[in-house]
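Below sits a lone chain in structure tokens, taken as the form predicted on its own.
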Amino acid sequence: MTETGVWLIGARGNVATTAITGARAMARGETDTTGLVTGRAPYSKLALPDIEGFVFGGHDVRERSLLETARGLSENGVPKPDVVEEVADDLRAIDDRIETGTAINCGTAVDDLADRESLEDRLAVGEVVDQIRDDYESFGRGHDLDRLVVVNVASTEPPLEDPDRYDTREAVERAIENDDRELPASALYAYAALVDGHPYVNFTPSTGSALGGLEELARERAVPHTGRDAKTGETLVKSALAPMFAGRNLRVKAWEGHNILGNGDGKVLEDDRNKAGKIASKGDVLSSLLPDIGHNRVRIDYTPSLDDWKTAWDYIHFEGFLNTEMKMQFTWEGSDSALAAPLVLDLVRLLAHADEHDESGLQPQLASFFKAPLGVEEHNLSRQFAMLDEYVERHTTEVMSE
């Protein structure tokens, strides 16, 4: 039986904890596949690794245990307390596999979350990368894994000011050797994964594997990777709704989106530097789908009392036949982690499948999962799903013809 390892960057955060709790709850028959894209046809037709068999580990810069995080989340309703207690022993065992990570160039908001000494506090950048690679390798060897998929679910970093500095593999490796502390943690984790052949998912708006030099590395090493910034709530609705206005030739004069959320991610996004990347990826979806939009603005505000829940209010002012001005409003309320966690599990399964079939580099069929999908300009949700449908059709047809 193929053993698939899942290495989570930000392993003690809400999304990672919810994904781990959900996977172990599935293994124990405490929950089903609702919310998982790969849990329904036609995607379930693919030969994907079983979630119940995932072996979890990860990096973090926080001391709070997985079980403490899960119990804290359950106080707000997700996951339910009885589910947390059912998998408590699993969470304790997985917590022992979480190593100290790096938060280099992640901004002061992320630094404030750290309650343990990060790797960069005592090591040069090259040594940080070596330690990360050693952690990946030791985990894979210690659990006799056939494959390790690395997923970045850490808090959002500030955007790089000059990413073109790292547009070749040589430039990235020279920066690592020269102790360049402008390279952010997400890029270091991505480099460490790709250079040793581990598929990589950037679930966040952070840099990750988006650098030209890392894309080059992935091609040379024949490793699949994907990202960027998972599409879980308001933007998911936008990518489905905006094509309706375009298709009916209704001119959108203004689209205002106001998001409020609690939890640690919300707190990090209070910092304007960290928020910048998130705002860009959320706003670019509408700009792509409605290039003639008159006004497009997104706000994100931290509301501590919401904990892991988030709310988005959207106001759409549009014009129709005979210059008739009309409006539409919607409210989206959801559990941030319950929306995100199943997508983490989906992406691990689908990237493992790509790796199994030697499909290296960027994975355009996974565009529907992201606000800013790497290598894909299409933001229409139905067309993005069609790309995944075509991928499934190709693979299932190949199997039937064998």
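Throughout, we count residues from 1 along the sequence that is shown. Note that the coordinates shown come from a computational prediction; the quantities given were computed from them, not determined experimentally.
This next part talks about the form predicted in complex with another copy of the chain, which is not shown.
The stretch in contact with another copy of the chain in the predicted bound form, judged by heavy atoms within 4.5 Å, is 312 to 320, chosen from 152 to 160, 215 to 223, 120 to 128, 312 to 320.
For the marked spot (Thr4, Leu48 and Val61), a heavy atom within 4.5 Å of another copy of the chain in the predicted bound form is absent from each of the three residues. Out of the listed residues Val376, Ala27, Ala354, Leu339, Leu339 is the one that sits within 4.5 Å of another copy of the chain in the predicted bound form by at least one heavy atom. This chain lacks the partner; the member of Leu36, Leu362, Leu67, Val55 within 4.5 angstroms of another copy of the chain in the predicted bound form by a non-hydrogen atom is Leu36. Heavy atoms of Thr303 reach within 4.5 Å of another copy of the chain in the predicted bound form, making it an interface residue. Taking the partner from the other structure, another copy of the chain in the predicted bound form has no heavy atom within 4.5 Å of any heavy atom of Arg133.
Using a 4.5 Å cutoff between non-hydrogen atoms, Asn263 does not count as a contact of another copy of the chain in the predicted bound form. In the predicted bound form, another copy of the chain lies within 4.5 Å of some heavy atom of Gly22. Within 4.5 angstroms of another copy of the chain in the predicted bound form, the stretch 213 to 239 places a non-hydrogen atom from each of Lys231, Thr232, Leu236, Val237, taken in sequence order.
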